[in-house]
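As a starting point, one isolated chain is supplied in C-alpha cells, in the form predicted alone.
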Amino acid sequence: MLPVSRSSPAYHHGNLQAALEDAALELLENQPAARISLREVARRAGVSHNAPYHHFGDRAALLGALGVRAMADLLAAQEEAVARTSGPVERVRALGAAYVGYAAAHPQAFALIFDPEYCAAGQPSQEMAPLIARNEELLGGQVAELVEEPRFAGSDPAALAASLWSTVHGMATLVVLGHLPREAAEPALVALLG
C-alpha cells in the first residue's frame, strides 16, 4: 500500500496576476502608490508574501501594471462619455468631464498614470503606449470635429487639443488636491467651450 500524503493540497488561486492587481488597486483607492508594498498586496489577495514575485519582479513592475489598468479605465470613461453624447462641443465637454470625474473618483490611480517613475513622458511601456495613442486619437478626433464649428473655425487643431488637455488636466489636478470642488468642473467646461 502506498503512503497517502497528509499535507494540504497546493494552493491554487486561479488568475493570480489579476487577483494581485485587483488587491493592489483596492489599496490604491485609499493610499498613494508610494505606500503600497508587495507584502501588503499579497496579504490582501490572501496569498503568500512571495507569490507576487512570480508575476511581478518587483514593486515597480506591479505599479507599472496598475498604471496601465488605470489608464485603460480613464480611457474607457472618456470613450463612454463621448459615445453617449451628440454634438462636437458637447462631446468635448463630456470628454473633459469624464477626465475630471475619473481623477476625482480615483485620485491615486490618476496620479499613478502620470507618475514619471512608472510612465516617463515620451517613453511609455509597451502596454501603455497603445492606450496613450488611443487617448490622443480620441481627443484629436473630437477636436477635428470641434474646429468645424463656427466659434472654433480657423483654430489650429493641435494647439487647441493641447490647450484643452492642459486645461482639463489642470482642473482635474486642482479637484484632486482639493483646491477646486468637483462640482465646479462642469460649469468651467461650459464657460470654456460655450
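A residue's number is simply how far along the shown sequence it sits, counting from 1. On a predicted model such as this, the values are computed, not experimentally measured, just so you know.
Beyond the structure shown, there is the form predicted in complex with another copy of the chain, which is absent from this document and is the topic of what follows.
The closest non-hydrogen atom of residue 23 lies beyond 4.5 Å of another copy of the chain in the model of the complex.
Another copy of the chain is not shown here, and in the model of the complex it never comes within 4.5 Å of any heavy atom of residue 126. The closest heavy atom approach of residue 159 to another copy of the chain in the model of the complex falls within 4.5 Å. In the model of the complex, at least one heavy atom of residue 180 sits within 4.5 Å of a heavy atom of another copy of the chain.
Checked against another copy of the chain in the model of the complex, the candidates 44, 55, 49, 169 yield a single residue with a heavy atom inside 4.5 Å, and that residue is 169. Counting a residue when any of its non-hydrogen atoms is within 4.5 Å of another copy of the chain in the model of the complex, the hits in 22-52 run 32, 35.
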